[in-house]
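Presented as structure tokens, the chain that follows is alone, the form predicted alone.
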């Protein structure tokens, strides 16, 4: 499969975004997807999730939705065979696409280059009964964004040694609702504000030296939801459910006084989670078990400009 991949130009995007927004890439995707494995489907869902191969002009080659390497390789071989059948003039668009179309809808346009961008890793923690969970090595990745003024508000107004500061509730709430979720094995819903029992975090300035301030964070969050929903994919049965996550927060960071930005940042939120949602893979793992989120500074590569999964919940425009 890896050898076959050398003959393709790979790209990835969020499928719901492509299915619903305006812009040339979304329209191209919909054109391709309607010829693929889920084309025209409305039940059990209307998703077009999967892996598609197409020519630059959208000519459909092949598609599949799988995690099996052999099946994926078969799809790629089929796509390459179809590609070779196309004439060069049947592979390309008649006109080159605009570099930045005015009708393009992209959350990445809101990327806070002068703010705080964190990688958010989630995974289960070791359990008392080793081997009880075949998903023990599962993990997931998201991003958390904060604008410049928000990043500064993690700190006290006057940055001096010993200064204490309560991080604004709206920032802790953003973390608790949109990021401290059980996405270790798959997709899940963010928490509603009414489901947040508490969300608190405080800052203390440990040291100010050589133009930098060393910061410590501590806090706690808890989210609890009760209702009727599915926990097993396309299973039509929606039963009474409970889910939640209670976390203790610890962290440290370094703030550059001259640059007015964090140059180091590490935050851990760990504690018990329970329950599941339709697509987060917890159907056989609903009992309380430990989970953690680790947030660290992101780099500045294009792959690290990906918008947070629940960016729509930020309220940004």
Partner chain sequence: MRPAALFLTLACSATLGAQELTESTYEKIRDRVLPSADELRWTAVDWRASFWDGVVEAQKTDKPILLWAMNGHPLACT
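On a predicted model such as this, the values are computed, not experimentally measured, just so you know. Positions refer to the first chain, counted from 1.
Quick note: we don't show the form predicted in complex with its partner chain, though the next part is all about it.
A heavy atom within 4.5 Å of its partner chain in the model of the complex is found for one listed residue only; from 240, 193, 137, 170, this is 137. Taking a 4.5 Å heavy atom cutoff to its partner chain in the model of the complex, the contact residue among 160, 113, 164, 149 is 164.
Looking at residue 300, you'd find every heavy atom of it more than 4.5 angstroms from its partner chain in the model of the complex.
Interface membership of residue 314, defined by any non-hydrogen atom within 4.5 Å of its partner chain in the model of the complex, is ruled out. For the chain shown alone, residue 186 is a contact residue for its partner chain in the model of the complex, at least one non-hydrogen atom being within 4.5 angstroms. Its partner chain in the model of the complex comes within 4.5 Å of no heavy atom belonging to residue 78.
Residues 2, 47 and 250 are all found to lie within 4.5 Å of its partner chain in the model of the complex, as judged by heavy atom distances. If you take 216-240 and check each residue for a heavy atom within 4.5 Å of its partner chain in the model of the complex, you get 216, 217, 218, 219, 220, in sequence order.
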